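In C-alpha cells, the next block holds one chain alone, the form predicted alone.
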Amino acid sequence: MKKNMLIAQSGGPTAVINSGVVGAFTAAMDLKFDNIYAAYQGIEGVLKKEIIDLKAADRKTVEGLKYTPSAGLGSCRYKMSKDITHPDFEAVFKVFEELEIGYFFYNGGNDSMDTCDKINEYAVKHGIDIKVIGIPKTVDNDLVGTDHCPGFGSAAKYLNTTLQVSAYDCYSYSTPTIIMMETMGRHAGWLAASTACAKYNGEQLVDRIYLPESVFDMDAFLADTEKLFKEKKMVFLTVSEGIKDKNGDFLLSGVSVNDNFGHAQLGGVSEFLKSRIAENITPRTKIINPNIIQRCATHVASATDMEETFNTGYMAVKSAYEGKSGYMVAYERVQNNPYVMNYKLTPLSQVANAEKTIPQEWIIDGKQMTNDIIEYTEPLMKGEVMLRHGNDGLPEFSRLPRKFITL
C-alpha cells in the first residue's frame, strides 16, 4: 500500500488551526509519504472529490499557512450520519480507495471528532487498512480527554488584550459606564472565564463573569449590576453567548436558529442585556462583541498555542505512521509554573459528542472565578507571533490555490 495521506478541516476555525495542518504536512514530508492530499472544505470536500495535492503545491505557500488565520483548507459543517451504513460512508471510502489513502486526519472539534470516530469504526468493521487520527481544535476549549484545546490560548489572549485596551479607553473619561464583553461558548464558558486574566493598573479588571455552567437570573443580574454601578466608576462584565435560565433554555432561545449540526446559532445576548440595563439602571452601556474575530485573530496569537498546535499535527501523522488508529492527539499538563505539558493519544470514542465544562469549584456564586482559571489560562497565552507584513503595512497571508486533482 502506498503511503498516501488525506487531511481535512471542519467546524469553526481558529487563529492557529492551520499550524496543525503544517505540522502534519511537515511530518509527512519527513517520513517521505508518497502523496499528501487535502480535501477542500472537510468531509464534504471528500464527498465532492474536491482534492488538493499539497505535495505539488508551492511549499512556501503551504508552510505559510502556519501564520494564516482561519481554515486554510476550507471548513464545513456537514453532518455525517451516526449510522455507518449510511451511503455517505461508502462514498467516502470509495474516494479513499481511488486515492490509495492509507492515513486520514481530521482537524476539528467535537462533531469533527465524531466523524473521525465513525470513519475509523467503518474501516475496522470492513477490514480496511487505513489509520485514522483526529487533530483537535476549538476555541471553546470543550473537548474531553485533553487539558486544553488548540486555538483556546490565542482566543483568550485576544479577548484579554481587547479588554485591557478598552479599559484604557474607558478610564480616560469621567462618565460612569458599564462595559460588557460577549464571548463565544455555547455550553462551556471557558472563553468568558478566561477574561478573569485581564488587568488594569495591576488589578483584576472584570467584575462579573456569566457562564453557561451557572443559572442566569435576570433579577439577580440587574440588582448586582446596579449595586456595582453605584459603587464603582466603571463596571466591566463578561457574558458568554450561551448563558441559560433556570429551565436550561438559552436566554435568546426564542430567536436563535440551528446550524447543520443542530446547534443553536447564538450571539447578541449582550445587546439584549444592554437593553435591560438601559431600562433599569443606565443608558450608558458599551458593548464589546468580538464575534468571529476572537477565533481568527492570528495577529494577536499565542506563540505557545501555535507551536503546540503544530506539534499536534506532527504527532498525529507520526502516530498513524507507527500504526496507531482511532485516537485524537491530546495535551496532558504536568505543571503550571513553569508550564510543562506532554502530548498523548486519547481514544476518539471518548471524545466524540462529549463536552468538557468548567469545574464548578472554579466558579464563585455563578458570577466570579477562583484563581484556578487564571493559573490555567495564563501559560497558554504566552509568546508573540511575528507575522510577515507587506509594503502597505498590512499582514500577508498564504492562500492555497483551489486546484483540484482529477479523479
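Just so we're clear, the structure is a prediction, and the values are computed from it rather than from any experiment. Quick note: we count residues from 1 along the sequence shown, nothing fancier.
Although it is not shown, the form predicted in complex with another copy of the chain is what the next lines describe.
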- Message: Considering non-hydrogen atoms and a 4.5 Å limit, which listed residue (Lys233, His86, Arg284, Lys227) is close to another copy of the chain in the predicted complex?
- Response: Arg284
- Item | Heavy atom within 4.5 Å of another copy of the chain in the predicted complex - residue from Ile293, Ile128, Ala220, Ala91 | Ile293
- Check Thr68, Lys382 and Gly393: does every one of them have a heavy atom within 4.5 Å of another copy of the chain in the predicted complex? yes
- Message: Can you tell me if Gln41 lies within 4.5 angstroms of another copy of the chain in the predicted complex, counting non-hydrogen atoms only?
- Response: yes
- Message: Taking another copy of the chain as it sits in the predicted complex, is Lys199 near enough to touch it, meaning that at least one heavy atom pair lies within 4.5 angstroms?
- Response: yes
- Query: Is there a heavy atom of His148 lying 4.5 Å or less from a heavy atom of another copy of the chain in the predicted complex?
  - Reply: no
- Task: May I ask you to check whether Asp169 falls inside a 4.5 Å heavy atom distance of another copy of the chain in the predicted complex?
- Result: yes
- Given that the partner is absent here, state which listed stretch (244 to 252, 199 to 207, 119 to 127, 322 to 330) has heavy atoms within 4.5 Å of another copy of the chain in the predicted complex. 199 to 207
- Residues of stretch 386 to 407 in contact with another copy of the chain in the predicted complex (4.5 Å, non-hydrogen atom): Met386, His389, Asn391, Asp392, Gly393, Leu394, Pro395, Phe397, Ser398, Arg399, Arg402
